[in-house]
Ligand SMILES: NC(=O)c1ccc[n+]([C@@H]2O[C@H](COP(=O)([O-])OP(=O)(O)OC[C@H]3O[C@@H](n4cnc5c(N)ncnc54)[C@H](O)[C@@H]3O)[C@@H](O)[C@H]2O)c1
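So this first bit is one chain, no partners, the form predicted on its own, shown in structure tokens.
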Amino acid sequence: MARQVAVIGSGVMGHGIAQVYALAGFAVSLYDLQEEFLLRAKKSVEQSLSLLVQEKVITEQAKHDALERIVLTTDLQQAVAKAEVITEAVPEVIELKWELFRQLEEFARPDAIIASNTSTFSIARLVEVAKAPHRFIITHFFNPAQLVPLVEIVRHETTSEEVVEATRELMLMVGKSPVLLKKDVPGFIANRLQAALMREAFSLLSDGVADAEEIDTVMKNGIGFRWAFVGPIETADFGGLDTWKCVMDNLAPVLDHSKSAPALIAELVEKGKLGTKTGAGIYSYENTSVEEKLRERDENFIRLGKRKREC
């Protein structure tokens, strides 16, 4: 199994993926275009590891060792030369990914697995220009990658069985919960489920059924509380399929059927109100520390993760 990996792109997803590998004992080459991006990523990894120490998930020594395993570089060839697995986490621009894959096929070992963290493109689209599509695969980590267990694995029809199995074993080795899709569908599984729920949530908000905080409370203290341990299909079994047949028959006709992003989101994006990154979105963050809110989120994720591992 691989012990040397490379992560291309050090943004929100990239640095989290690098942390996952480093904490599991892998030597990680973390690449980006500018040293400034890499130093920012290293700081984020250090803060995240410190939180794990605080929550007694890892030791101070484990934090130190993980940081030592991450090598920062702006040299792509150097980053991937020895890597057995390369994870791409660059922006969702297909031409950018194609150019990167062209370079990876030139610089990487011929037996290296090339994985994409895309949440937008199908594997068929990604490998359109690949010379060796049999070694390409999608490993879609869920944000924040260092804390959320899920990784969706998507193969191409030409992806070798060895690559699929090695990828699945690797995800298990680094402590993830891999799900291998039987079909390559837009949005995979997680984002399709999430988008369906988000569409209805914003419809309820726009229709004035409840305000944002109340809708989020319903999710956090009702549905989300239950779904942390019991999935939607299990929920149907537990509740009785006859009951859920009635529920769906009654509700399906009146649920939101929009085929584009909610108008409220489009309006706020047009105004430059993008959420925490700009200090305003659905909620206002003007008098709130966004950093503190994200820290609180991550603390709760860590505690939930500990509880789930105990089960």
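One rule holds for the numbers: they count along the sequence shown, beginning at 1. Note that the coordinates shown come from a computational prediction; the quantities given were computed from them, not determined experimentally.
Keep in mind that the form predicted together with the ligand is not shown, yet the notes after this line are about it.
Checked against the ligand in the predicted complex, the candidates His156, Arg135, Lys176, His140 yield a single residue with a heavy atom inside 4.5 Å, and that residue is His140.
Just one of Val151, Val80, Ile114, Ala89 comes within 4.5 Å of the ligand in the predicted complex, counting any heavy atom, and that one is Ala89.
A residue is said to contact a partner when one of its heavy atoms sits within 4.5 Å of a partner heavy atom; Leu96 meets this definition for the ligand in the predicted complex. Interface residue remark: Ile302 is not counted as part of the site for the ligand in the predicted complex, having no heavy atom within 4.5 Å.
Residue contact with the ligand in the predicted complex: Leu33 places a heavy atom within 4.5 Å of it. In the predicted complex, at least one heavy atom of Phe37 sits within 4.5 Å of the ligand. Stretch-level contact analysis of 233-241, 115-123, 177-185, 210-218 against the ligand in the predicted complex, using heavy atoms and a 4.5 Å limit, identifies 115-123. Contacts to the ligand in the predicted complex (heavy atom within 4.5 Å) from stretch 5-32: Ile8, Gly9, Ser10, Gly11, Val12, Met13, Gly14, Tyr31, Asp32.
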